[in-house]
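Single chain ahead, by itself, as structure tokens, in the form predicted alone.
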């Protein structure tokens, strides 16, 4: 167990070592047990977290606010449009000033080519931890929750378990690619054989792919990329299928939407799920485009763990906040 996380930022998935992630999981499981038993755990009494949102949220806002309250502190919701950021407050001002008002700064900023740079600029000028609630490159807290859920369902030893990270069709908008990128970075560290499936235009960032392959090599895990959803699903233990945009292929939103429309058959349905192992689990970070991205029959089935996954967001976030902000 690593116990020197106080004051640390969590912006990218590899900011924490594998041992440090294991510490987060240990603390998260303990906090989940305490909540189930009604045991008070006010480790952050009188601490305040700034939650700065440039992008809307359901689970992220709810889980951080509830988590801070359960830890004895307070979370201040700040919508960027209600601030002076548009009128001159730079990342330096936010880091310097919020770093003096608050005990931690959590930011969600998913604008392509902007979000991650903004978080790092704030962190450079902040005296308190900066936590990434999702940017254009990474979504570390979602993936910590995913890992916790996989451990709950499949056990601690995940070696040789096949995890499919697949693109899926969605018509709502070009979704960030931060979830699949964080998944391929984090999951090989824990021995999962990752199969990344997507149509040709939906490649992930080249440097992320290089890092993912390095993590797989270092930890003796498999890492494969295919362009066939059904082939990927065959004999899988874990199915994680969601949409993301074609930003690496083209930054143009209209062109991206046209490309997305070519792949309406990339839906997670009962027939595809039947290709996986009988005890395979279905995962999604939510919200899902029902009967477009995934059928009701899959997301509401006994194989679906999406609500456990959503709950675990709160527990892993509490663990990281308790470890970094105490």
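Just so we're clear, the structure is a prediction, and the values are computed from it rather than from any experiment. Residue numbers count along the first chain shown, from 1.
The same protein also exists as the form predicted in complex with a small molecule; that form is not shown, yet it is the one meant from here on.
In the model of the complex, the small molecule sits within 4.5 Å of a heavy atom belonging to residue 286. Residue 301 falls outside the set of residues with a heavy atom inside 4.5 Å of the small molecule in the model of the complex. The small molecule is not drawn, but in the model of the complex it has no heavy atom within 4.5 Å of residue 315. Although the partner is absent here, residue 291 lies well away from the small molecule in the model of the complex, with no heavy atom inside 4.5 Å. Residues with any non-hydrogen atom within 4.5 angstroms of the small molecule in the model of the complex fall in just one of 194 to 202, 75 to 83, 152 to 160, 139 to 147: 139 to 147. The contact residue chosen from 32, 47, 272, 59 relative to the small molecule in the model of the complex is 59, the criterion being a non-hydrogen atom within 4.5 angstroms.
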